[in-house]
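Shown next as structure tokens: one chain only, the form predicted alone.
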């Protein structure tokens, strides 16, 4: 993973479970992650794999009946799980900001967008009240909202989906955070607006030296944006490496299946792969490897033993008991 001196965030053996009337939902079940300073980590996986719960765990916003049971989250060498709520309020929005996938549900329809961004600045920045409006104008201009001085006086319903997402990004950046968590930031936006938002995030990384945790199920977005990729499935990390390595040399069967299910322009026309089944219900996950019920290479050992996430070479970690046998079996099947 990331070299020691470059770490901004380090997550070790994090477990976040939900205690429901039906039983315990193991949404995040012992994951390890690292994000380097000024880097983008793409967290990818199907819906229901635990990506959003991971993000909410980082900022300690897991709601009842959820509970963080185990592990540590080191942010700039401070364990966030040891912070009290007052300390976390100072960290949220100030040093760590989060962009949610539906900006309309996060923006208050009663207040102007300018007031909402100004409130974040007032809470976290030591700026005279007389200068706050100009600060809002400046950040609106940086995220590409035209006619910023006029538009900050408008309410959220006057903005398009793409512009509302820019307002959310402006709010997140208003206090110059070290880490930006973006949870499906381009969902429900058309392709042109998606590209604008992704270019904006790339600019944020470059201009502000901000690290980004980019959560998505879109492998195209990951390929375009991320420095490193963590592939998540049913509450576990299946594979972790730099983005080039994951796309050119995927080693986990789930990663391979995801990549084979996406159309590509650089290869000859081929039938896209469909991964059979669905992500298991985490109330009662399968024994052994969580992917074993859907994996074409499953053997008895896979159903009994939980595969650890092992670094098989520098910077590339995989959780698969049969990783070394898969290419051989593929060759035999193609004979």
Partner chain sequence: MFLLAYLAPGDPVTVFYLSRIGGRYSHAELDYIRQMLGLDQPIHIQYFRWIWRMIQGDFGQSYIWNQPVLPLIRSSILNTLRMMIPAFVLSILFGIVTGVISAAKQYSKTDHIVMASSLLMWSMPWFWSGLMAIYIFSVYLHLLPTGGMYTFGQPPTVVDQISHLIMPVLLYATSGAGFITRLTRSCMLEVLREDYIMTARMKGLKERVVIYKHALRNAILPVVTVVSLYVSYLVGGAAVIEFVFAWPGVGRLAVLAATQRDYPVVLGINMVVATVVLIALLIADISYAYLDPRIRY
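Being a predicted model, the structure only gives us computed values, none of them experimental. Residue numbers count along the first chain shown, from 1.
As for the form predicted in complex with its partner chain, it is not shown, yet the points below apply to it.
Residues placing heavy atoms within 4.5 Å of its partner chain in the model of the complex fall in a single listed stretch, namely 86 to 94, out of 73 to 81, 207 to 215, 135 to 143, 86 to 94. Although the partner is absent here, residue 123 is a contact residue: one of its heavy atoms lies within 4.5 angstroms of its partner chain in the model of the complex. In the model of the complex, its partner chain sits beyond 4.5 Å of every heavy atom of residue 256. In the model of the complex, its partner chain lies farther than 4.5 Å from every heavy atom of residue 130. None of the heavy atoms of residue 251 is located within 4.5 Å of its partner chain in the model of the complex.
Screening 107, 232, 170, 152 for any heavy atom within 4.5 Å of its partner chain in the model of the complex leaves a single hit, 107.
Residues 56, 59, 61, 64 are the ones in 42 to 71 with at least one heavy atom within 4.5 Å of its partner chain in the model of the complex, listed in sequence order.
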